[in-house]
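Below, in structure tokens: the form predicted alone, a single chain.
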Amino acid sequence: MDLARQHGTAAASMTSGRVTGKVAIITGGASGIGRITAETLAREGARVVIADINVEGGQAVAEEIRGKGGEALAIPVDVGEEKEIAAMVERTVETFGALHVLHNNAAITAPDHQRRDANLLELDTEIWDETMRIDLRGPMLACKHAIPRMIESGGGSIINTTSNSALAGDLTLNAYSAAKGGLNTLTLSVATAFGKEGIRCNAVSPAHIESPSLAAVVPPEVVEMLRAQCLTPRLGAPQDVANLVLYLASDEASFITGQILRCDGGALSHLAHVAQLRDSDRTTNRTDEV
């Protein structure tokens, strides 16, 4: 009995959701934003593929989703390897019969790698190349192999996880920022080239998301600086990003394509001095007479 039929009864008993009937691949789905997104899409009725190089983590997420009555499949994949991407797409279609949603979320977030993605003058080319292989080549390959199968399925939605790091300069993370900048442009190119064939492509651009990985990479005092730059009372959470991905994956967003949507609590919506002025109870207007 194949996986789709094995869980068909349980799926039929679930309440109809916003992406019921859709098949979705989530790369980097074993943890963080990817995991929460996979769980959210499954809860809303999608059959989901958790694609991740972390085999045990991906299987754990899939088992948890199935335990709640959803349909999920874990596929080990190194997104920088074309043969593995092609096999991932083919196994998805073989198992679930179609492909409607691709969430390109996998990226290198390991603390040791990010620490080495330093000032440009100190940046090793191996860090640059590996970042490009996973963070930019990976989404390109996934689009290349997924789009034909999505067209066969009647169209679909591609959602790329990019970053506010691609929209403004920083002191470090040069490779990461450049890769995400390339992903923004890839998003626009895919939306332009395949829109008439029923393919929508958008990017979700988070600011710093409060999570264990943020704590492992960013010093606590810097986290507080980042929090001060938000216009909301808090930093973002993985669920905030997952909610936006859910919307873009659903038919509610059928006229939304070619967009880079910031999920950042307004962090890039204000002038650079706002956080400091807020702390000092000052404004840009002089209150004394000159």
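Note that the structure is predicted; figures quoted are calculated from it, not measured. Residue indices: 1-based, along the sequence shown.
Below, we refer to the form predicted together with a small molecule, which is not included among the displayed structures.
Residues placing heavy atoms within 4.5 Å of the small molecule in the model of the complex fall in a single listed stretch, namely 207-215, out of 191-199, 207-215, 93-101, 140-148.
Here is the short version: of A179, A72, V77, I158, the single residue with a heavy atom within 4.5 Å of the small molecule in the model of the complex is V77. This chain is displayed alone, yet in the model of the complex one of V89, A203, A175, A107 has a heavy atom within 4.5 Å of the small molecule; that residue is A107. Within 4.5 Å of some heavy atom of the small molecule in the model of the complex lies at least one heavy atom of S163. Contact between G45 and the small molecule in the model of the complex is not found at the 4.5 Å heavy atom cutoff. Shown alone here, I127 lies farther than 4.5 Å from the small molecule in the model of the complex, counting heavy atoms only. Contact check for A30: a heavy atom falls within 4.5 Å of the small molecule in the model of the complex.
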